[in-house]
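As C-alpha cells, one chain now follows by itself in the form predicted on its own.
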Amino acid sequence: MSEKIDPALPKVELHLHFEGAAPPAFIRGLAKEKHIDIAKIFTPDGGYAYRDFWHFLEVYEAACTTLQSPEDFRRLTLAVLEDRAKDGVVYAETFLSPDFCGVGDVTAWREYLLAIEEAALEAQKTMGITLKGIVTAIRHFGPDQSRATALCAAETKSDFLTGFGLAGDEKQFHPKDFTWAFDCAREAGLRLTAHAGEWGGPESVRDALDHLKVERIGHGVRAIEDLALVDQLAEQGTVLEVCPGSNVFLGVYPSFDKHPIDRLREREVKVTISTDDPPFFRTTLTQEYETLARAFGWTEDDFRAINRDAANAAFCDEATRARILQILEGRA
C-alpha cells in the first residue's frame, strides 16, 4: 500500500498546452458569446469529444477558433491558472503559439502576450502561482511557419517568455526541418524543448537531441525502447516532461502500471509529471500523482524529489527558481 498523497502538496508543471488546458465550459461560453457553432466537439456531458490523437488535433484547433482577441486570452489565462492553483501547482510553464494569437504577426502577438502576462501577474498575486511561457511551433504547420513563430519568440523574449519548443503531429516532417527555427530561438537566449518519443519511437528522441539541441524532451517515454538512449538521457541530464495520463488516455500505453516512467526513473533519467491537455484527457495533476502512487508505490518523498528536479529544469530566472524551491521545501 502506498501512502496517501496530500492534494495540497506543492507541484511544478512543465508541460501544459495553454489552449488545451481551457475548461470546456469556458470554450462553450466563448462560442455562445460569439455565435460560433462548435457543438460537435463536445460530448453530451460537456467534455471534449474526439476519436484519436489526430482527431484530437482537429478538435483542439476548433476550440481555438473561439479565442479571437487579447481579452479572450486574458480570461483564458485566469481560468487555466485557477484550475492549476486548485491542483496545488505553484509554478507552471505553458506552451503558447503565435499561430493562435495574432496569426504569426509580431505586432498582434505582442498585444496577446501582454494580456496573458498581465493576467499571469494578477494570478501570481491572488493565487500564489507563477507562470512562464514557451513559444511553440506547430509541427504539422510546417517548417516555413516555424520560422515566423521563432521570429515572434525572438522578438518577445522576456522574464515571462523564456522558452521555445515544437509540438503537434510527430509523424509529419523531421526535426532537422526545424533547425533554423531552433537556431534562431537559441541565439535569442531562449531555452529549448521539443515533443518527441510519444508517437515517434526512440529515434525521434535522438533526432530531437541531435538536430535541435534541446535540453528537455516533451514526453520522450518511448526512449525506453532503446536502453542505450535511456543511458544517454541519464548521463546528459536531459529532462523528460512526462504526461502519463495523456499517454494512457490516447493509447500509447494500455495502463498506468504499463507506463515506463518508473523504469526510466530507476535508470536515473530525470522525469517530471504534467497533464498535457488536462480537460481533454479528463485528468488533474493530483489525479496523476494518486494513480502513479497506486501503480508504483511512490510516496510523497518521491513526488517531492520529482518536483525538485522539475524546478531545477524550469525555464526561469534563478531568483524565481530559488523561491519555488523554498516553497517545495516548505520554507516559504
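Bear in mind that the values here come from a model prediction, so they are computed numbers and not experimental data. Sequential numbering from 1, following the sequence displayed.
In what follows, reference is made to the form predicted in complex with adenine, a form of this protein that is not presented.
Adenine is not drawn, but in the predicted bound form it has a heavy atom within 4.5 Å of His17. In the predicted bound form, at least one heavy atom of Ser246 sits within 4.5 Å of a heavy atom of adenine. Heavy atoms of Ala167 reach within 4.5 Å of adenine in the predicted bound form, making it an interface residue. Glu198 belongs to the set of residues with a heavy atom inside 4.5 Å of adenine in the predicted bound form.
Contact with adenine in the predicted bound form, judged by any heavy atom within 4.5 Å, is made by just one of Phe296, Phe26, Phe53, Phe42: Phe53.
With the partner omitted here, the residue from His259, His219, Lys132, Arg84 that has a non-hydrogen atom within 4.5 angstroms of adenine in the predicted bound form is His219. In short, of 75-83, 232-240, 141-149, 190-198 it is 190-198 that has heavy atoms within 4.5 Å of adenine in the predicted bound form. Within 4.5 angstroms of adenine in the predicted bound form, the stretch 266-293 places a non-hydrogen atom from each of Asp276, Asp277, taken in sequence order.
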